[in-house]
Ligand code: PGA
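Form predicted alone, single chain, as structure tokens, below.
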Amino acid sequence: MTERSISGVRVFVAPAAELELAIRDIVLDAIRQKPDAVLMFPTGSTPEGVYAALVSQFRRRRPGAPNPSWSQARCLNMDEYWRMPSWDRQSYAWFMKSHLYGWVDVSTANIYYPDAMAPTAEEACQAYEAQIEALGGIDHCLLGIGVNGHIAFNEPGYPRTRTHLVELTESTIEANQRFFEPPEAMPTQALTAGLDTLLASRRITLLATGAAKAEAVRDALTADPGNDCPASFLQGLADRCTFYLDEEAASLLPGEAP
């Protein structure tokens, strides 16, 4: 794994499998240091390897081994499709249960996600923000990045805000339709933790892999921070934000290749 600094942000470049193990250890260290850590997780194909590594490590635990228990950890879902019930197999609540929560000893009482079935989106957003505040804020946030530079579902052009309802862009819909049958069944709105919600996290780790993410990664680290590339606001958090990239995702970054 190689390291460099771009716009003051630490950037690590390595094969995807190595990145996934490194981020696994970051999450586990957060729990070791604070057993009731507040952890925010994304969905999608990018973090699946991280979740598989976390599950594998947990299943290999032995009495007296340093592997931490998740029993006190508080886990937050980053977003949810609007009007998608948590028991629907296409929901992000179900995704996280299937890939992580259902395989470790996290308490169901300590799992939180935006309420996509609330009477109104405004009520759902206010309730989620109140829940995050009651938990004491986010200790560690794992992020992916969209091909258009979005983080969570904060699409380009949206102002910085807290948890809110967003209209998904065509590029985001196209990227996610493969998970739906028929593809046209994919929702076009979602509740998402807002930029200000995410940026308030005490530590942020962004994972990106593949050539399709190269332009978004470049803009996130080199463009002037602004709403055209929501991830670019991470430049202002160089003291607590780290990028983990494979060589393809890092291929358009300035300077010598690692």
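Owing to the predicted nature of the structure, the values given are computational and were not obtained by experimental measurement. Quick note: we count residues from 1 along the sequence shown, nothing fancier.
Not on display, but discussed next: the form predicted together with the ligand.
Screening H150, K97, H140, R74 for any heavy atom within 4.5 Å of the ligand in the predicted bound form leaves a single hit, H150. When you look in the predicted bound form, the only residue of T222, N67, S45, Q189 with a non-hydrogen atom within 4.5 Å of the ligand is S45.
The chain is drawn here without the ligand; in the predicted bound form, the stretch among 126 to 134, 180 to 188, 101 to 109, 142 to 150 whose residues come within 4.5 Å of it by any heavy atom is 142 to 150.
Residues of 187 to 220 placing a heavy atom within 4.5 Å of the ligand in the predicted bound form: K213 alone.
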